[in-house]
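Next up: just one chain, as structure tokens, the form predicted alone.
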Amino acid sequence: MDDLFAARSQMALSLGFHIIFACIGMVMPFFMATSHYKYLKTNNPLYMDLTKAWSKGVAIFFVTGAVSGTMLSFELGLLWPEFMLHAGPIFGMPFSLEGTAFFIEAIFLGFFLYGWGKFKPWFHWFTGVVVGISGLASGILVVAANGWMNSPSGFDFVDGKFLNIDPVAALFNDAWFTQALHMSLAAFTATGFAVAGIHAYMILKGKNREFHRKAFTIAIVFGAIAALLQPISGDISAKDIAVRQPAKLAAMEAHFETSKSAPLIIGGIPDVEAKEVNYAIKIPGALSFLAHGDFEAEVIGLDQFPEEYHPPVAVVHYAFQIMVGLGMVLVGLSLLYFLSLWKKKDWQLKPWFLWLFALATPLGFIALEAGWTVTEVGRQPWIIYEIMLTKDAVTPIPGIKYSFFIFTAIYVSLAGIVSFLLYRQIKAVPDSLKKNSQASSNT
């Protein structure tokens, strides 16, 4: 394992774990606030129990997200010093604003967790809403920084130097909106289906069914709406990438030769040496239409770029196929859920219906990880697109593989601790319901 591969592996591992913690941490507060709102409107104690249960989950993921995010910030400087030397002054603004959003989130999460019985009810609810909004803003600002790496702006690059820096232009780069929209919807989809799937499984177990049904409904409504909006966001992103990063689009579709009326490839095994895709389903003209809105439009292939600047085609193509395939599965489940609301409410009590959603628990996060693989690996070999190569940004200090092994152990430990805490929280739900019911009966 050379140092470049070790550094890239460590960043991939860190981002792979952090993205899960961060997405749940920025979406769950909206579920919590919705449940709290329903409690204030209906005075149903089940909604209060649900709000308190979810708030503990929010606290767990906030802490783990803070830890993994802090580690990432150090890794950027330690692993990629040349990148941070030049990029830091340019895209420091979104990171500093993200820090502000993070502190707001931390303050208001404290207000919410310890504000029961101390604040006026609606102000207490408002503190939970602020937690969600600040968490979402924090995620968008980080994605804006990543968007800058895909679409660098806000500076003049002259003789290898970054001059005339404009942090505002860097923040609002050409990629920030499409990436932020796609990422935000992906976070709501993945978290919504994961939470709904867990509660669907608990309904199947037959314990506290009314409690879990209310939780399932809130989570799946958020997740299903986001899943149905995601293809629209994906279409916007594809058209944007076709213009800004045609090599990435070519790798996503394993499109080796520039052509008009380019086919959309579904599945298939790319043969990079022969520059063809075997065993694929091809829809004539569909890629041209999706990329440029015209079935006859020309789509740039990998033949227009030197081979040393080609992304790893197989990795990007497979990741893209997984993301789209699982995304369409979740779209189908979303339509099924809304059909059940409209025409077949009795379906929601059927075991087959609940098992579908229980089995879909991890699908959103698998699609999310695949999407980030497309974003990051599809930009290679550049760390700043068409400005700085990844190999030129890595630290010259040897022994990075040992750092990779240490960070792997840390993240595996974090994942184990979080899983244990969540399992304990889910298992503790019956006890908390009993205590609250006894307290309400005594009053």
Partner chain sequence: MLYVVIIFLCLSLLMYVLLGGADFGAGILEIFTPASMREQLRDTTYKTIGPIWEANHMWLIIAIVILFVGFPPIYTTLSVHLHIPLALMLIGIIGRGTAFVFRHYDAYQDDMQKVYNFIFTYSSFITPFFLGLIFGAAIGGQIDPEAMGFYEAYIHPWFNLFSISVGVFTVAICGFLASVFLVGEAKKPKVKSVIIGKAKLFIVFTVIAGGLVFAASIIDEVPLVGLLLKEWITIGTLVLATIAVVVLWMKLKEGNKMMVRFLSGFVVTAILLAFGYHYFPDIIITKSGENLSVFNSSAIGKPIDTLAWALLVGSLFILPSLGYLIYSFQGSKEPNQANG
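Nothing here was measured: the structure is a model prediction, and the numbers come from that model. Positions refer to the first chain, counted from 1.
Absent from the display: the form predicted together with the partner chain. The rest refers to it.
Exactly one listed residue, out of 412, 387, 40, 406, brings a non-hydrogen atom to within 4.5 Å of the partner chain in the model of the complex: 406.
Here is the short version: of 140, 297, 93, 326, the single residue with a heavy atom within 4.5 Å of the partner chain in the model of the complex is 93. In the model of the complex, the partner chain stays beyond 4.5 Å of every heavy atom belonging to residue 372. The partner chain in the model of the complex is not approached by residue 383, whose heavy atoms all lie more than 4.5 angstroms from it. With a 4.5 Å cutoff on heavy atoms, residue 55 counts as touching the partner chain in the model of the complex. When contacts are judged by a 4.5 Å heavy atom cut-off, residue 122 does not count as touching the partner chain in the model of the complex.
This chain is displayed without the partner chain, yet in the model of the complex the stretch 107 to 115 from 107 to 115, 243 to 251, 192 to 200, 170 to 178 comes within 4.5 Å of it by heavy atoms. Judged against the partner chain in the model of the complex with a 4.5 angstroms heavy atom cut-off, the residues 266, 312 and 322 are out of contact without exception. Taking a 4.5 Å heavy atom cutoff to the partner chain in the model of the complex, the contacting residues in 60 to 85 are 60, 62, 63, 64, 66, 67, 70, 71, 73, 74, 76, 77, 78, 81, 84, 85.
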